[in-house]
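Okay, here we've got a single chain as structure tokens, the form predicted alone, with questions on binding and movement later.
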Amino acid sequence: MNLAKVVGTVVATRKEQSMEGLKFLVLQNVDLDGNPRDGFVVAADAVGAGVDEIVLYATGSSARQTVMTDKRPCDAVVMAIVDNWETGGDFMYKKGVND
């Protein structure tokens, strides 16, 4: 699993039929301090995440393990919206406080 911030959306009116009904999000990877890292990912959204939220996403075959992405040609999926995280006893992020 990876941490990322949702920075945008992707709209594709023409796509593989099995991808119909999925929402696509643009994710910016973040480090454990919440700072942007190199790289962006487009991921199918399985949990209703929105722009500016911090999320957990999976890639590869794990991306096809959610109810929404089962048997679909997905290589990345958002599977959780982060409420908070702590490292070494210090809260690095709390939803609503760091937004």
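In case it trips you up, residue 1 is the first one in the sequence shown, and so on. Note that the coordinates shown come from a computational prediction; the quantities given were computed from them, not determined experimentally.
Just so you know, the form predicted together with another copy of the chain exists too; it's not on screen, but the next bit is about it.
Remark: residue 73 counts among the residues lining another copy of the chain in the predicted bound form, judged by a heavy atom distance of 4.5 Å or less. Of the heavy atoms in residue 21, none are within 4.5 Å of another copy of the chain in the predicted bound form. Although the partner is absent here, residue 97 sits far enough away that none of its heavy atoms falls within 4.5 Å of another copy of the chain in the predicted bound form. Along 1-15, these residues reach a heavy atom to within 4.5 Å of another copy of the chain in the predicted bound form: 1, 2, 3, 7, 8, 9, 10, 11, 12, 13, 14, 15.
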